[in-house]
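Here we start with a single chain on its own, the form predicted alone, put down as structure tokens.
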Amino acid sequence: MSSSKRRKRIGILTAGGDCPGLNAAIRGVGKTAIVAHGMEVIGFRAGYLGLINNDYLELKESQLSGILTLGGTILGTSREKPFKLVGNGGETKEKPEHIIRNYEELGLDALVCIGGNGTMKTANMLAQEGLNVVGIPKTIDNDVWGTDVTFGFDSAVQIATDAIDRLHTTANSHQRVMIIEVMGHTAGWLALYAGMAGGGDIILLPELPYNIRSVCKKIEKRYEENKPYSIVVVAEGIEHPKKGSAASYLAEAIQTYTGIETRETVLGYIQRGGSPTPMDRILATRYGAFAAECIAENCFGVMVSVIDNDLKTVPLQEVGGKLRLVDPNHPLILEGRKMGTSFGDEY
């Protein structure tokens, strides 16, 4: 067989935090690559660590059946950053060199990197080193630049919304303020969507500076209007002056200023676990299949994305180091304000 007709061999890895839909994306890449294009597929264990340590397994079509609905990732993941400290007088380029050598010795034609912002940044660095790379964006935070939506987000919104729904009944029964803290260090997408879907009375986002007095005035006004409880949805990354969680700070401050009994709930890793929603299964499958098509067409150095529901590619060099943040004038915020939802910035 001539080299021009040699079967392509590709690698897949999942890096960064886990989230629902990773297995659906692995399946989308692998099945499309194997069935439609006759490629060989291997999966690297534990993200970039597997690529550094040459720790991998062959992925056959049969191994990709039955994983669509599974949470987590069959390949495992890690937060390994192989280029960390390179060029900063610390670590040498030993890890990137291991990656390049293993990529070449395994005879890979391309590498699919599934992950969030950090993963895409590393993927771009590997592309600059000469590797054929395609990125697939995932994160429950929905903050990857260059795409309208990441898989994992819809599942997290559903989990957080369900939690808010349940807190409504407890808050009403005890006439309390209930604070629910969701993930989102820098971007408030999850707090915004879950807060609006769950009927949050106050929603606090990292992108919108809030005033604790304004928050308390909103709560007091609700009580004056015979609304005996309030739901506050807060992203973990909002600024606050004390150690500990944002929710614990708010609970203490609200109870001190208003005298109203206040309780907090921090959802934590619950938001990242479990089976993906149907929407995330479809999105991850679309991303995975499109990534395989990009490889078949020798389109590399890109991240697959969805813009206005159309699949597109974005150069990896444009993605790394950027964040997709909530615009203070986002239509959902403007609509929320019209309905009386507070974002903590009213004076």
Ligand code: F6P
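One-based numbering along the sequence shown. Just so it is clear, the model here is predicted, and its values are computed rather than measured.
What follows is about the form predicted together with the ligand, which we do not show.
A.B. asks: Is residue 181 close enough to touch the ligand in the model of the complex, meaning at least one heavy atom pair within 4.5 Å?
C.D. replies: Heavy-atom contact with the ligand at 4.5 Å: absent for residue 181.
A.B. asks: Residue-level question: is residue 124 within 4.5 Å of the ligand in the model of the complex, judged on heavy atoms?
C.D. replies: Because no heavy atom of residue 124 falls inside 4.5 Å of the ligand in the model of the complex, the answer is no.
A.B. asks: Should residue 247 be classed as touching the ligand in the model of the complex when contacts are defined as heavy atoms within 4.5 Å?
C.D. replies: Looking in the model of the complex, residue contacts with the ligand do not include residue 247, since no heavy atom lies within 4.5 Å.
A.B. asks: Does any part of residue 154 reach within 4.5 Å of the ligand in the model of the complex? Heavy atoms only, please.
C.D. replies: The answer is no: residue 154 has no heavy atom within 4.5 Å of the ligand.
A.B. asks: Tell me, out of 139, 230, 73, 119, which residue has a non-hydrogen atom within 4.5 angstroms of the ligand in the model of the complex.
C.D. replies: After the contact test, the surviving option is 139.
A.B. asks: Here the chain is shown alone; which of 185, 98, 263, 217 has a heavy atom within 4.5 Å of the ligand in the model of the complex?
C.D. replies: Residue within 4.5 Å of the partner: 185.
A.B. asks: For the interface check, one of 157 to 165, 199 to 207, 264 to 272, 170 to 178 should have non-hydrogen atoms within 4.5 Å of the ligand in the model of the complex; which one?
C.D. replies: Answer to the contact question: 264 to 272.
A.B. asks: Scan 46 to 85 and write down, in order along the chain, each residue with a heavy atom lying within 4.5 Å of the ligand in the model of the complex.
C.D. replies: Residue within 4.5 Å: 79 only.
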